[in-house]
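The chain that follows stands alone, in the form predicted on its own, written as structure tokens.
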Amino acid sequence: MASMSDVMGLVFSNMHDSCITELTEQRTMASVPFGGRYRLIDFMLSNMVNSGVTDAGVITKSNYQSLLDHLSSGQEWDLARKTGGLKLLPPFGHAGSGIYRGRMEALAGVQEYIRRNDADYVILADSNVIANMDLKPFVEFHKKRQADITVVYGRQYCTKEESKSKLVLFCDENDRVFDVLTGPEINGEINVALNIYVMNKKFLQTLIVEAACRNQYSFEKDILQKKLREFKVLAYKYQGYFAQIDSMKVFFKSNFDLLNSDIRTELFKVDSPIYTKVRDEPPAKYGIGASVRNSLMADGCIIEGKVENSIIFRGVKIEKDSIIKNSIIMQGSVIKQGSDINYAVLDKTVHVSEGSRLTGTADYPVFIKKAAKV
């Protein structure tokens, strides 16, 4: 199996913020809460650490205060190190850098960090993929096949509407990518790129310089599409469960996927855990009249009402005679007595007044923004 001592990781925190603007108005995609106690970036950072990558940079753009608070020194991921470890890479990190338009401009802004690193290979990844994957076979595949670029993909059924936010790959029997489509309207099973790439560091540096000279900023369009015949681009198929958060509908569904015990077991493995910021809070407390069915309850909750098929984050208080069904209630929210909530997503610290009623549907859940009072 490939050694990961010569591999560094770079995670893009803001690359898909426009896909779920409801949740990214005040935060990055990377720091969007997920599954009761996690942030989206926890999955990719944990994948890197569990695979042996101990040198990771997180490229930020805007609204990254909550991300900084969450990651801090990187201690929760064992990345608080004197050599290597976690590096937070904000915009305007040096003269000439700034707000980027795409992946290549983002990389140009951190090229000095890349240059100083001793790694021979670089893994580029986005923060909106929910999966528990071992990256070592992927790197070994890249090295053995001597590819210029290797991209991870998964097979997924998509409607025409869903495929419009995907990067779709077409591969031959030798895993060679011969066509790349950005945002097509395809109905059926397709090869969805998970925006996880591996490249030789020197090769990546050359791409960055050339893209800057030509005012090119999109990795997908300016590199993968335009130079597909020039480079050896291979695809590596990921066989496990994954969710790519690129819409509120997918965010809603992937949270509820965690109520499936098989998916939960695959995502949260004992030998490769998903790490997150630890909060020393007491276990959830259930009142005498409380009723909870098929739900995930985080620590610090106080439940006195009825909860069914829902994801309840840390520190949520649900008062008696309230009914919560098919909903996601994020950290610190308060549901007052007699409220009825069905198919809703409540961001952090929402206050729902006594006797309120919120009702959406599975395809169009009601969304209440952070710190709102209803």
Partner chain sequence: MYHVKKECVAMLLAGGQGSRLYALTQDMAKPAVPYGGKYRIIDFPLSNCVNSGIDTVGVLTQYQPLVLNEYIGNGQPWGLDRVHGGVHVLPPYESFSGASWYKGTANAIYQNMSFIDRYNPEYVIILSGDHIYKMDYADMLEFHKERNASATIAVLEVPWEEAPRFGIMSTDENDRITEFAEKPEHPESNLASMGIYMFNWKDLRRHLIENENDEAASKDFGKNIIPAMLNEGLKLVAYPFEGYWKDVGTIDSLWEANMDLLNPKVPLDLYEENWKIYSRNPVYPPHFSSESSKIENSMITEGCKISGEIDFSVLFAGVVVEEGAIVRDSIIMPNTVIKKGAVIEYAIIGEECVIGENVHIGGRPEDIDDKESWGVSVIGHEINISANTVIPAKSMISESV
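Residue numbers count along the first chain shown, from 1. Note that the coordinates shown come from a computational prediction; the quantities given were computed from them, not determined experimentally.
Form predicted in complex with the partner chain: not shown, discussed below.
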**Report entry** Single option in 281, 140, 172, 118 placed near the partner chain in the predicted bound form, where near means a heavy atom within 4.5 Å
**Finding:** 281
Query raised in the report: Only one of 178, 157, 203, 286 has a non-hydrogen atom within 4.5 angstroms of the partner chain in the predicted bound form; which is it?
Result: 286
Report task. Mind telling me which stretch in 291-299, 245-253, 228-236, 215-223 gets its heavy atoms within 4.5 Å of the partner chain in the predicted bound form? Result -> 291-299
Query raised in the report: At the 4.5 Å heavy atom threshold, is residue 33 in contact with the partner chain in the predicted bound form?
Result: no
Query raised in the report: Going by a heavy atom distance of 4.5 Å, is residue 184 a contact of the partner chain in the predicted bound form?
Result: no
Query - residue 309, heavy atom within 4.5 angstroms of the partner chain in the predicted bound form - result: yes
Query raised in the report: Using 4.5 Å between non-hydrogen atoms, is residue 264 touching the partner chain in the predicted bound form?
Result: yes
Requested in this report: Scan 248-273 and write down, in order along the chain, each residue with a heavy atom lying within 4.5 Å of the partner chain in the predicted bound form.
Outcome: 259, 264, 268, 273
